[in-house]
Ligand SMILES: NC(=O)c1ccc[n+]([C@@H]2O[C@H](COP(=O)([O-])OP(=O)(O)OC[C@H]3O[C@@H](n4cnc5c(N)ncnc54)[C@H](OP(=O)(O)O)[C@@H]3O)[C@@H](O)[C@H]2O)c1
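Presented as structure tokens, the chain that follows is alone, the form predicted on its own.
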């Protein structure tokens, strides 16, 4: 199985690479600065690590060109790269930060997916790593404007991509990894990276066409939009 994973230099993305390579899958990984991705470089050949900045349209196009040099078919694409933006206090937000967060978390994944579409065969899967913080129905605490808004937009993008790609037999999922102990989630988060990713891989492996277009938790539970 050919797999492309973004944001693969640390946390959830890195763990996806670990678990898929341990299964013997063919993995390509994208990150902003491959030279600094020391842990990733221990897992993959250097030429399988692709420079990718989702806020830069030229970087997106260049990464697609490199992916196409390696593979002719893509079976799984995991849009994992994301940034938090300004946290908490509404007074701390600014336009530049909000637009940057939206660009990386919502716009970039759509552009990249559409540019990779020609590689995807029937039965291929697109997985957008979202967050319950993007759920409008679940939001009872507010704050985190940039992050919440960007993940809500990614959820909408996932539904749009499902409607577009279902004609090719491609499955699209928005997955919430849970509250995970990463640089973003913090040390008090209850879920280990290993457990979160192994659960998501089970959901991805088992995903069928009738689940396409859904917003799911890492264990497969359907979440509210």
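Positions refer to the first chain, counted from 1. Only a predicted model underlies this, so the values are computations on that prediction, with no experimental measurement involved.
Another form exists, predicted together with this ligand; not displayed. Remarks below refer to it.
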Heavy atom within 4.5 Å of this ligand in the predicted complex: which of 106, 129, 74, 146 fits that? Just give me the one. 129
In the predicted complex, which of the stretches 169 to 177, 64 to 72, 41 to 49, 155 to 163 has residues with heavy atoms within 4.5 Å of this ligand? 169 to 177
If you check in the predicted complex, is residue 80 within 4.5 Å of this ligand, heavy atoms only? yes
Taking any heavy atom pair closer than or equal to 4.5 Å as contact, tell me whether residue 23 reaches this ligand in the predicted complex. no
So in the predicted complex, does any heavy atom of residue 32 sit within 4.5 Å of this ligand? yes
Is residue 54 a contact residue for this ligand in the predicted complex, using a 4.5 Å heavy atom cut-off? yes
